[in-house]
Structure formats: structure tokens, C-alpha cells
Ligand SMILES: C[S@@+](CC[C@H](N)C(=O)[O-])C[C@H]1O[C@@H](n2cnc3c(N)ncnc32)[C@H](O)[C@@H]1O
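Single chain ahead, by itself, as C-alpha cells, in the form predicted on its own.
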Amino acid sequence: MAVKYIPFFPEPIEGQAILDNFSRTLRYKGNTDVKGRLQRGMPYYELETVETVGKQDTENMVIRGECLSACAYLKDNGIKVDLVYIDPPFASGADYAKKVYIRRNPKIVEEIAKAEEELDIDELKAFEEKMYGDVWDKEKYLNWMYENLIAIKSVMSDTASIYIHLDHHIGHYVKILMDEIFGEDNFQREIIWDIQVLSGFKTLAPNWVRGHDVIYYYSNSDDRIFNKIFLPHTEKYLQMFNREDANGRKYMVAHGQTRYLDELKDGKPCGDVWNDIMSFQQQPTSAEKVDYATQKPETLLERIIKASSNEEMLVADFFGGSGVTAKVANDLGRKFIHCDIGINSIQTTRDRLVSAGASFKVMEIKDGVQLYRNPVQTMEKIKSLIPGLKNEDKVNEFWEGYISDSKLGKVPVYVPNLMDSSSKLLDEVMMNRILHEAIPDLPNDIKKVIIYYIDITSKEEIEKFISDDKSTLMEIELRDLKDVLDDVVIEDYAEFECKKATQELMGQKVETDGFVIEINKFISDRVTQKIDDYNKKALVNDKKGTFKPIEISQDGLELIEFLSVDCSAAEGEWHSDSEIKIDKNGYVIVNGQKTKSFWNGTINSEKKPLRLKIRNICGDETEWKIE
């Protein structure tokens, strides 16, 4: 349950239109629910510092949790943001997946090398798992976006700006929200990012080829920060200065005016159509790619951050994704906040920032659902964990399914949608909807319903609300979904040996300073199940009979992506005193530095390790104490 609620707004100025203006302009389903939630405020939960990287007094934050709760924390602590860039879901109807690569097994590689054979790696074996779903009902999306934008505005400084990156699916609707929240007068530009992708299936459509995204740029006031950006003159333009005067100065004549080459400005002022920044579809081998589905290029964020902030200012991205905003902000001498609900985002960003030499804190919002790795995956898991739930024949769209009871018959079950933060809290507004919209639509023979909740204002309060309402004689049972979520995470198993490091000296192994942990076996039931599911599905669809199933060795070391040892503390906040990440090609990144070495199944540390952390290739992390 939330510790408290933080107001979205300061005390309203007399005559200032806040929510009523929104309700009048946008009349779509659910805006009365939004009004109730905005009046209550942003949910504030405890934040736990999971890890500090670099300087202990760093102000940089990587926060795992929802935008609303992150903004509640910032506002309660008086932290103001100077620039916001967000690349939220586009309501595109697409599911985004992470391609998961099986790593090289160091023990198998070693055996092959001894036999003087070559390892055939023509094609790395991989499978995909869903990261999050960009599948939205338009009304729910706009309600959700409105709350988030209000929350973001509440933590922006007076001179701050916000850039919101969208596409054609929902951008025109969100612009109306932005006008409401920030004011039409604070709309600065609609930026067109020409992504110049004219190849592939897009060119086959019987239509104009879609080749751009839009970025809406708003300020919080007239007193905004803006540093004009100049682009280098093109070689073609410079060649037009092909005349020389008596003093040897090069010039050109255009439209009756003489222009001298040595009087040119730093470049051409950048306009609001950006066709000089390549997308990743154009640069598939880019060194900055981190295999994140919605990753944006660093040059895009570099332009925005340079234009609308100065050094030491605070830049925030509340839908942080691949961590590009935080990484570029750090490179440019800004402070940063990265926030995202998905564990893959947090891990990708954390590793990326370590390689960039950044200092930051990894923090986790303790909102009761921090156990789930990502919303899509967990929603699928929950449906299989609720005892007796039959969701192959839904009662209607509101109810997830039903449970068969020998005495009561069908018992409809409501499960909050983890991809829709507005449904996470069971309050009087939500309960009123259930009582007066969802329950009346049920068949007359239904005698009981079960309502699962993630968070609740007060169970006693909601039960009293149901009792006082008297609109139904149906039995309503409230259940805490966190009891089910506790079963979502199954920790991995590892066998390892910690010993003093040695080196070869005159044909003998001699102990040296430092320690080495050798991993002998690793088992991940969850990853193994994902691979089994992938193999079965691929075999069914294999019409040519050429599919080779993914097979895992007995020691399972190819399922490991990352290892870290803590030599400073046996419990509490993690201190990564030594870490190794194995990339998809099998090369190791040691303490953030890329190498051309393959992993040998060990991790070294200068001091005696107290804890070991292993991350599997799907992103699950498990810790072990070292005696």
C-alpha cells in the first residue's frame, strides 16, 4: 500500500483551469476516473537503493518503477528536473520482444580447442520473449498518458522543457493533452525526425511510405533554456564560394548579395526537420546498439540535451528504455534520472552506464509488484498461477475468466492489468465501476465474484463501501494479487567454488593475491522452459524439416549473461567489486571494459568475495552468499 499520496499540483492559482479544462476538451470514457485519481495525488512508496555504482554521493538515479511513483518521490524530496525527454509506448498495437542469445559454453569451447577442431558458429541460436506490450485501448491510453504528463509537469523546474517522442498512431491526440497541461502558448515546435527507412516491407504498402516520427517540444514557461544548434555547412554549399577578390578572399554572389567564406557562421541553424540523424535501421552495425527493441540513436538525444539544458542540469527520462538519455546526459556533463518499469531496461541501462564510467544509484520502488520482470510476461504467468482460473471462455471483457465452484457454479475473476497503472489501485472509484458497470453485465445466475488487487487504499474501507452501496446481493471477495506474484520468481541454481587465485610458476601452481570463483553448474528452470516452448513451437511450424532445436549442456553455463561479486557487504545494498558480462558473441566485458577474450567460466576479485550474483540470459538475477 502507498505510504502516502503527493499532490500533483501546487495550490491552484485563482481562476486557473486545471482538470475541468481537460474534461471539457476531451470527452472520452474514463475521464471522471482520472479526476478522482488526480484529486487523490501520486502514490508514494518506499524506495530501496539496490546498488550504488561509482561515487557514493552521486545524485544520478536509475529507478525501477512507474512514472507516477518516481515523480511522487522526486516531488516529495524537492527534486526539480531541468529537461525531460520521453519515448513512451506509441499505442501502436505491437508487442516488443527481446531477442535472447544462448552464450558460448566455456567448457565445451575448451574441449573443442583441445581436439584442434573449429567451433561452428555460423548462426547464433536465439529465441525471443516479450518485454512489454504496446497494446492499448485508446481511451485508457490517453487517461494513462494524461496522469503521467501531469506528474512529470509537477517535478519540472520553471525553466524546464519537455520533448515527447511519438508517431502517427496517437501523436495528434497526445498533442491535445500537451496543450491542456503545458498551455498552447508553451508549445514550441513539432519536430519531424526523418528516419529515412525506405526498404523492407514498408515499401510494399499501397500508400505513401511512412518514414518519420514526431517529437513535440514544449516548455514550462517563456523563460526556457535554449541553446541554438548549428549544423556544419555541406561541401556542396562551400564549393559555391568559388570566386576570389583582390585580397584572395573567397566569396559567392547569391540573390544580388556578396557573401564571404570567412564570414560564415559556425554552420546552418538547425530547423525542425531532422534528416541528418540516422536510425538504427540505417546503421545495423552501430557500435552503440544494445539489442533493445525501441532504442534510439545517441545523436538524437545529444541534439536535444545540448539545445535545452546546460552542464550540471538534471535530465530525466521516465520511460527510459535502453538508457540512451541517461548515457548521453552523462557524456555531456549533465545529471540524469532514468526510470522504467521493466527489469530488462534497468539492467541494460545499468550495464551501459557502467561501461560509460558513470556514477549512479540503482533504486527500486517497493510498490508490491517489483517481483515481476515485465508486465506482459507476468500477466501470462498470473493466469496460470491463480488456482482453477479458466480464461479460455471469458465471461466478458472486464473479467479475466472464471473459477468453477461445485456449489456456486461460475465465479468470475477480476485481475488488474499490470500494463495499465490506473487499474493497479483498488479504491472507491474502481470499486464503484465494478459495482455499477461490471457486475450488472454479468448473467443473473452469478452468485459470487473474486476481485484481485495489487494495491488497495484500505481493505476495511472498500468492504464498508461495498456494504453501504447495497446495489447488489452478490458476494464480493477481495484477494491480494501479491500472494500470487510471490510465486512468479523461481530462483536459479548454481554450483561454484571460491578459492585463492593461482599462477603457473616453474611448472607449479602458486597462490597469488586475489580470489577466483569457478562456476561448475548453472540451472535455470524458467529459461529452460522458455527454450522448450520455443523448440516445440518452431518444430510445429517447421515445414521443411530443417529446424535444429536449441540444446543446453548439462552444466548449463551458456545460460549465464552476467556475474558480479560483492566483497564489501554480505547483505543489503549491492557493491559490485568485480563484474563480467558475456555478450552475445561470447566476448567478455570486464568491469565495463570490452575485451576480445572469451569467458572461461570464472570471475576474479582482489578481495575475498562475500556474495555472488548471476544474471541469466533472460534477465533474472539470483544471489548466493559465499561462506
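Values in this document were obtained by computation on a predicted structure and should not be read as measured data. In this text, residue numbers run from 1 along the sequence as written.
Same protein, other form: the form predicted together with the named molecule, not shown, and the subject of what follows.
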Checklist entry - Among Tyr218, Phe336, Tyr453, Tyr85, which has at least one heavy atom within 4.5 Å of the named molecule in the predicted complex? => result Tyr85
Checklist outcome for this item: With the partner omitted here, the residue among Gly41, Gly586, Gly601, Gly65 that in the predicted complex has a heavy atom within 4.5 Å of the named molecule is Gly65
Checklist outcome for this item: With a 4.5 Å heavy atom cut-off to the named molecule in the predicted complex, the contacting stretch among 586 to 594, 65 to 73, 568 to 576, 48 to 56 is 65 to 73
Checklist entry - Though only this chain appears here, would Pro89 touch the named molecule in the predicted complex if you measure heavy atom gaps against 4.5 Å? => result yes
Checklist entry - Is Ser279 one of the residues lying within 4.5 Å of the named molecule in the predicted complex, judged by heavy atom distances? => result no
Checklist entry - Quick one: does Lys361 come within 4.5 Å of the named molecule in the predicted complex, counting heavy atoms only? => result no
Checklist entry - Hey, in the predicted complex, is Phe319 touching the named molecule, heavy atoms inside 4.5 Å? => result yes
